[in-house]
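A single chain, nothing else alongside it, follows as structure tokens in the form predicted alone.
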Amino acid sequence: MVVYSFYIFDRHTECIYSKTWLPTSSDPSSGSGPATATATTTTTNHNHYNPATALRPSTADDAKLIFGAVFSLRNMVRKLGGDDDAFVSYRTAHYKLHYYETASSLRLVMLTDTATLSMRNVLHQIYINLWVEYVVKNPLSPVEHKGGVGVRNELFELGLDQFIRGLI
């Protein structure tokens, strides 16, 4: 199983957290066995032009596109199936998107490889064991996370990274 990225959207549709894990193999679509992942940190070098990063949309653009797709598909599922049907995931040729929404309209989204089974329970565990414990119960964290303030604390980051690496 390969986890590509993870996003958290608040009730105001703002992406308050995102993290990306990239496969270490040179060709992630080769399917030649299990691939490990490394967390990425992007730095900007203004002296050199890199065509690979020039065509790559920013993380903010990725988050907007993902939320737009989730929002549209969720609304379509509700209109076609009624209020009882829930949007859980969808699959393309290159990835599978997993979706979990809490009662407080916090939306957790995870992108994985296509062979991964449902990650709804995993997203629920991330919400219960990491989000509630390290962000909600943090007395220094604000109630509203404008711009992700209070989400990027060290315990949440380390817990999420260890949890995801334990799945891989």
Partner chain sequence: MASSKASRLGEDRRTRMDKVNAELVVLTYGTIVAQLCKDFDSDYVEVNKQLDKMGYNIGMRLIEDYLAKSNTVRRCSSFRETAEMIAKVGFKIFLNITPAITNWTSDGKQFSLVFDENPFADFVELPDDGRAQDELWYSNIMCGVLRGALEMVQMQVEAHFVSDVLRGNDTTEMRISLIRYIDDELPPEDD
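Residue numbers count along the first chain shown, from 1. The shown structure was predicted, so the numbers you read here are calculated from the model rather than taken from an experiment.
Quick note: we don't show the form predicted in complex with its partner chain, though the next part is all about it.
- Not displayed here, its partner chain is approached by T13 to within 4.5 Å at the level of heavy atoms in the predicted complex.
- Shown alone here, S141 lies within 4.5 Å of its partner chain in the predicted complex, counting heavy atoms only.
- Taking the partner from elsewhere, Y99 is found to have every heavy atom lying beyond 4.5 Å of its partner chain in the predicted complex.
- Taking non-hydrogen atoms only, F71 approaches its partner chain to within 4.5 angstroms in the predicted complex.
- In the predicted complex, every residue of the candidate spot (K64, F67 and V132) has a heavy atom lying within 4.5 Å of its partner chain.
- Residues of 116-134 placing a heavy atom within 4.5 Å of its partner chain in the predicted complex, in sequence order: H124, Y127, I128, W131, V132.
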